[in-house]
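Given next, in structure tokens, is a single chain: the form predicted on its own.
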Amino acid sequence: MSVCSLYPALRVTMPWSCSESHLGSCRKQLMFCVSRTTARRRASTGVSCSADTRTVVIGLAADSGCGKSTFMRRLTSALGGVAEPPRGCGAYSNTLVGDATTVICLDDYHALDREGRKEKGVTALDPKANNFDLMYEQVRALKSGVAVEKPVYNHVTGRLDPPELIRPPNILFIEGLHPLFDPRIRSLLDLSIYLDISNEVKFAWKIQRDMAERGESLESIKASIKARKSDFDMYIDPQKQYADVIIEVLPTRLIPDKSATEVLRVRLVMREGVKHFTPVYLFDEGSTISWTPCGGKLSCSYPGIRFFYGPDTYFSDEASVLEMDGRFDRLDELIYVESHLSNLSTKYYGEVTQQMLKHADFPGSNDGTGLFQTIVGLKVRQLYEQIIAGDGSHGLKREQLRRCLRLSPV
């Protein structure tokens, strides 16, 4: 049975100053924001009805425009419910809160606002533009069961808004540019994930997003990518060496044109020996297998689909790799592929296919990006269950855990 828990709020000194020009009166806004969220909970405390359990922390690192938001939607869906912005003063909140999960965007820990970065000549990718001390203290507090008043970076104004109250969830996702950069924060993670998008695919995605959704010109997109590249290579890309799970998105090898990015080759790299995470395998664990499943059981138009599975090394560590090149014509036929995969951490036959059909309108639903993101979401669910089951001081009964994550009976 769930219990009501009282969480003390960790107060912090916010890295912004009050001025009449900062979104009107900063003092009035702060009073409004805090009164809507914390005064109702006796000013410095947060009351939450949740299962008596510890917070599991998952880190997701990637460059901007690499599909982190879609990945988070798939992850929270696999864990039950829909994650939405918190109630209260959250018109520009970057946080998502669900029944069992909270997703924090690490952009909120920018130490410099947009004007400040411009004045100092740094990008948001530069560690100097981010407050890692505050990031570490607040993630540690949440993992320990302490609520925090987290800063909010407003992507519309480029400034820091008044803070919002975040209470300890069952599962905390921290996503952004730097979740694996600071060794102190890495030490708090129960699982780390990196989205590794090739330059060709990233460029195609940014053009599609920024031109279609934001009205930017091709020239401005190229200039933005060029301006960020050195910082990405120096500060963001090296973080993948610390990840437990890596999803690589590359151009297809099924089409001779090397510039083709409409069809994707996606690799799920799973480091061996990660606690509570058993790598997925195809047909026979530890073997090297190439499989072309197209035929009477799976509709495949040009250029078809090819799977690969086998052992590999990743930054000198042993790893298992599952690869999909190509795309599905019919998602309901994915059950054929699912039946040949093992260690999926599903609760029932066909759960991966059901999750994919549920979000058929999400980007990547007909290729390996959606498939592997869905699988990782189910693996995170199992990781959480195993951590809680092994925690004697906060153990949950099976029925409590199922209710917490809105799972169907096994």
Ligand SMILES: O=C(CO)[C@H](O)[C@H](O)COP(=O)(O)O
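None of the values given here were measured: they were computed from a predicted structure. The first residue of the sequence shown is number 1, and the count goes up from there.
FYI, the form predicted in complex with the ligand isn't displayed, but the following is about it.
Remark: open binding site. Placing the ligand in the model of the complex onto this structure by local C-alpha superposition gives no atom within 2.4 Å of a backbone or C-beta atom. For Y153, a non-hydrogen atom is located within 4.5 Å of the ligand in the model of the complex, even though that partner is not displayed. Taking the partner from the other structure, the ligand in the model of the complex has a heavy atom within 4.5 Å of a heavy atom of H110. Among heavy atoms of V146, none comes within 4.5 Å of the ligand in the model of the complex.
Taking the partner from the other structure, the ligand in the model of the complex has no heavy atom within 4.5 Å of any heavy atom of L75. Exactly one of the stretches 292 to 300, 163 to 171, 110 to 118, 332 to 340 approaches the ligand in the model of the complex with heavy atoms within 4.5 Å, and it is 110 to 118. Heavy atoms of every residue among S64, A124 and L177 are located within 4.5 Å of the ligand in the model of the complex. A heavy atom within 4.5 Å of the ligand in the model of the complex is found for exactly one of R140, R253, R228, H276: R228. Residues in 336 to 369 all lack a heavy atom within 4.5 Å of the ligand in the model of the complex.
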